[in-house]
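First comes one chain, alone, set out as structure tokens in the form predicted alone.
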């Protein structure tokens, strides 16, 4: 049975990840209790849990504040996640995939291809179904993590995932922009990862997953640096 504190944790975490609560914002028990329609006790527990996850930080006499992440921290988080999920891939390949996991991953490949095909000749912001892609991508990674059957590893990955995802709103409109090359590359990565898992090639499966996630970190860093350069040029032109 899901507890009130778990419900509060999920709700507050979702608000942070979606960027509805900006970095640096202070979260107070009373307003959150009224918003969620529950007492302060589960909200207090939720805030403490999110602080342990790294999404909040405690400020003396002011309560909890949404943590602000630097681009370096986001990239670091992706690199750590790459290592952990690479390990998950290796474990799955070594013991072999069960039929249920194989079916889910193959369905993710099919869904990814269908999303790309629907865009026609060129992927753009207007024709790309970002929500469907994110759902597929989440299912893909979660299936492999669960198939590793290593509860400690699963917990560590679960925690590290929140940091880069929640921190992406420091990149202005990162989430609203589509890069066709990155989408197609990710689809090829997924295909290669599944192929390595099916062939029980543990070293290859681990390497492909690590490369897949490390590349995402590099893409984010490049986007951030290019955005910063553009802002500097704009400021100089105004001056």
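Only the largest set of C-alpha atoms that superpose within 1.5 Å between the two forms is called the rigid core. Residue numbers count along the first chain shown, from 1. Since we're looking at a predicted model, the values are computed, not measured.
We do not show the form predicted together with the DNA, though everything after this point is about it.
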{"item": "Interface membership of residue 42, the DNA in the predicted bound form, 4.5 Å heavy atom rule", "value": "yes"}
{"item": "In the predicted bound form, residue 27 touching the DNA (heavy atom, 4.5 Å)", "value": "yes"}
{"item": "Residue 54, heavy atom within 4.5 angstroms of the DNA in the predicted bound form", "value": "no"}
{"item": "Contact of residue 199 with the DNA in the predicted bound form (heavy atom, 4.5 Å)", "value": "no"}
{"item": "Option touching the DNA, based on a heavy atom within 4.5 Å in the predicted bound form, out of 191, 183, 38, 207", "value": "38"}
{"item": "Which of 183 to 191, 30 to 38, 209 to 217, 66 to 74 sits within 4.5 Å of the DNA in the predicted bound form, heavy atom basis", "value": "30 to 38"}
{"item": "CA of residue 202, rigid core aligned, shift of 2 Å or more between the shown form and the other one", "value": "no"}
{"item": "Core-aligned C-alpha movement of residue 185 between the shown form and the other one reaching 2 Å", "value": "no"}
{"item": "C-alpha of residue 47 moved at least 2 Å between the shown form and the other one on rigid core", "value": "yes"}
